[in-house]
Each structure stands twice: as C-alpha cells, then as structure tokens.
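Single chain ahead, by itself, as structure tokens, in the form predicted alone.
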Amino acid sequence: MKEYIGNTEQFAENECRKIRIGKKKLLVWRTKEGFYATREECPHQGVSFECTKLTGTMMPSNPNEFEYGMDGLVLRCPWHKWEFDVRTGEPLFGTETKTIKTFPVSVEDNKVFVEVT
C-alpha cells in the first residue's frame, strides 16, 4: 500500500520525521541521496531512533590509517551505538546480524510516498 506522507520541503536533511501508517511506526529520513524509511526501533533492544541524527562512521582501513565515510547515511543506536546503513537497514561491518526493517520511498512532483506492506 503506497501512502502519501507529505511534501519534500517538510523533511529536513539528515533528520527524520515520525509517521504512523496503520499500526506501523516509521521514521522517514531525508539524505543527500534521497528519502528512506525505516522501522522506528533498534532491532537490538527496541530503543527509538526518533531523536537520532544521521552521521558517518570510521571505515575499515589499514593499521594506522583512519578513514571517515558514509557521511549522512549511518543510523546509530543512541543506547549501544550499533550502526546501520539507513539505505538498506543492514548492520555495518558484519558486527551484528539483526537488520532494521526498511520501506520503499518514492517522490513524485515533490510529494513523498512510502510503501508499506
């Protein structure tokens, strides 16, 4: 089911907007790359991501090298700092197997839609 959730200007970059469709609570994120929707809670212990800002993270690199990447695409749990890719819901760097449920988002004529099944 595709639901209209607002116009593009109603979403600030790197922040989320909480929406509810039926019984599902979602967070819709606007990034430099586009819009993404995730489940509201961390799959680890259920804390809400609502007040979380998207960040980047330290990327795998050689010893004594420090590379920052994925700026504005990392969703970090406020309790235990687990990190997920907001685009896919996948945990970063294979440290965990739990994923965040994601939902397809589309933009048509500045109107944002999320698809919930």
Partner chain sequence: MAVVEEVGNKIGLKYIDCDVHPMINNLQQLYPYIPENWKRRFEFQNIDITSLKLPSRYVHPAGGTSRPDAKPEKGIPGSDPAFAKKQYLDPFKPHKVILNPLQPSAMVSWTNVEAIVTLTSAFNDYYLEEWTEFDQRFTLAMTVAPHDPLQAAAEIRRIGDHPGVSAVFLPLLNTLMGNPYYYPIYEAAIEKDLPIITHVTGQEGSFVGVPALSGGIPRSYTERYVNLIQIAQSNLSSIVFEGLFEKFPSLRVAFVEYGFSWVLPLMWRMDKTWKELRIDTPWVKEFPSEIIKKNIRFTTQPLDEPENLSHLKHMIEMMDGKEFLMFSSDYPHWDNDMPTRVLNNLDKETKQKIFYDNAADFYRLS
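Positions refer to the first chain, counted from 1. Just so you know, these numbers come straight off a predicted model, no measurement behind them.
One more form of this protein exists, namely the form predicted in complex with the partner chain; it is left out here, but the text below deals with it.
> Hey, with the partner chain in the predicted bound form, do Asn64, Arg76 and Glu83 all fall inside the 4.5 Å heavy atom range?
Judged in the predicted bound form, Asn64, Arg76 and Glu83 all sit within 4.5 Å of the partner chain.
> Examine Ser48 and determine whether its closest non-hydrogen atom to the partner chain in the predicted bound form is within 4.5 angstroms.
Ser48: no, not in contact with the partner chain in the predicted bound form.
> Please run the contact check for Glu96 against the partner chain in the predicted bound form: heavy atoms, 4.5 angstroms, yes or no?
Answer yes; at least one heavy atom of Glu96 falls within 4.5 Å of the partner chain in the predicted bound form.
> Flag Pro60 as yes or no: does it have a non-hydrogen atom within 4.5 angstroms of any non-hydrogen atom of the partner chain in the predicted bound form?
Although the partner chain is absent here, Pro60 would touch it in the predicted bound form, with heavy atoms inside 4.5 Å.
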